[in-house]
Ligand SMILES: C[S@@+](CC[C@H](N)C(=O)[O-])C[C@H]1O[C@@H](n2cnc3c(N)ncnc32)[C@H](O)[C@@H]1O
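Have a look below at one chain only, the form predicted alone, in structure tokens format.
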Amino acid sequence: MLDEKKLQEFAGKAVGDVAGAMSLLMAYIGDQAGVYVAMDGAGPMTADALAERTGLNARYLREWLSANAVAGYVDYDPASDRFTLTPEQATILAREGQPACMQGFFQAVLSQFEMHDQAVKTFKSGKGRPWSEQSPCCFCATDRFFRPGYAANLVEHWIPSLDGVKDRLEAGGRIIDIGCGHGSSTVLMAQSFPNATVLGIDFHAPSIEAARKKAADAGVENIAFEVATAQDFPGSDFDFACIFDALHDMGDPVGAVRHIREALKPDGTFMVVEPIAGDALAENMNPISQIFYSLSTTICVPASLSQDVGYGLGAQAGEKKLTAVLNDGGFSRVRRATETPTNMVLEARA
């Protein structure tokens, strides 16, 4: 028998989810049109005043501001009919590069809605879908979302949590960043460790082109990028290898780990940064895991299944499965070196 109370509760949740989905779209429009940036620090203003400030249509702004006010993304004072972007809201919505800015996260979600027809087709087929068949918006969003976290944690927290790695890289050494995407992590390490040489590799040629431009714009010279897979990249005798949020996307992660082990010096270190997760679904009943499971359904698992082996780890693999992959690839010592609310950092040694 249908429980009317439970029905109403679930209907309320579903309506809230629809509202949240529309909030992300409104937030992305505000980001792309520069509205949040224009409001940041400007104090209370009417839609007409904001139109003068931005050059945008006042009627569109009024509707957009109303949607944001109901969502709690801006504050509204009915007495003066003015809207305000608070410092807290601005940190999340307007301040690019801040670790708390979520516009990259929003963009990643919207990139999946953009390609929803292909996502449905892939899901129904049971086949894989290569990373290259994602929306270009997805590539930009991935870099945009992860870059502030790398800037806040990679050099200051993650690398220092590894045994002896920071001192080794400050003295020199060779670094390889596998699955580097647009190269934000690669460039950051090259800048932070000028005595070291850094190689970034990725199997997606357009991303490597973007990474090379990023390095050139930053003016770093101790860096190079190559199109290659984790199973066949060139070079050997690396002191430090790292993968950021990409091992679970690989079709043959064990083969990748084995090749990395062979390319490292005998006393080299492999750092694996992966989305935070418990080892069982029951441990992951939280909003962050919900987002990662969802993105994994349309991005990560399809990417893995499109490649040889098709291991399909998924973005919520958990430490136990990741450790097994690392062990099978030749690393006998694996430990969780540190973590953030969204990532775990594993240190692997032979």
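Residue numbers here begin at 1 and follow the sequence given. Values in this document were obtained by computation on a predicted structure and should not be read as measured data.
The form predicted together with the ligand is left out here; the points below concern that form.
Proximity to the ligand in the model of the complex, taken as a non-hydrogen atom within 4.5 angstroms, holds for one residue of A230, L93, M189, L85, which is A230.
Proximity to the ligand in the model of the complex, defined as a heavy atom within 4.5 Å, singles out one entry of T122, Q134, Q103, T142, which is T142.
Among heavy atoms of C180, some come within 4.5 Å of the ligand in the model of the complex.
Taking the partner from the other structure, the ligand in the model of the complex has no heavy atom within 4.5 Å of any heavy atom of S289. Among heavy atoms of A246, some come within 4.5 Å of the ligand in the model of the complex. In the model of the complex, the ligand sits beyond 4.5 Å of every heavy atom of I260. Screening 104-112, 221-229, 165-173, 70-78 for residues having heavy atoms within 4.5 Å of the ligand in the model of the complex returns a single hit, 221-229.
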